[in-house]
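Read the single chain below, which is given as structure tokens and is the form predicted on its own.
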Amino acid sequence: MKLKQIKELLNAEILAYGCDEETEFDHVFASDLMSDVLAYANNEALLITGLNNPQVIRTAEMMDMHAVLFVRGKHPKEDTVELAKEKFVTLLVTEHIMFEACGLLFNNGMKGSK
């Protein structure tokens, strides 16, 4: 699914661009534990989390993830947004809870990261 479709489906706001809206994402990994992301996520998956600190961006960068979706309307502080811009990580925010965001993406063809 293209980033622009994810944005529309989840009524998400983009806070920082690190990739083009035409960038394709096939997999999603949802977690608030960055250790789980490092241990279990596929590279290049869309990361969904409620944790909104700079460590999320650093984890995404290490895993070659190009986009992070913050759930529950959580907006990160400016230092996190600036780090995302510096590391070319797209940041999105949705009002949906994690369960709903994952369900909507799954119902529209996205797969979980294995």
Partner chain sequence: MDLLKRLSYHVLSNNFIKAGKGSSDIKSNLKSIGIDSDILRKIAIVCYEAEMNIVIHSLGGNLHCDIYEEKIVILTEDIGPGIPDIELAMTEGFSTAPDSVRELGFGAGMGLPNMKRYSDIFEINSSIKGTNIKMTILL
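Residue numbers count along the first chain shown, from 1. Keep in mind that this is a model prediction, so the values were computed, not measured.
The following text describes the form predicted together with its partner chain, which does not appear among the structures shown.
Site residues 32, 59 and 79 are all in contact with its partner chain in the model of the complex, judged by any heavy atom within 4.5 Å. Heavy atoms of residue 26 never reach within 4.5 Å of its partner chain in the model of the complex, leaving it off the interface.
In the model of the complex, no heavy atom of residue 85 sits within 4.5 Å of its partner chain.
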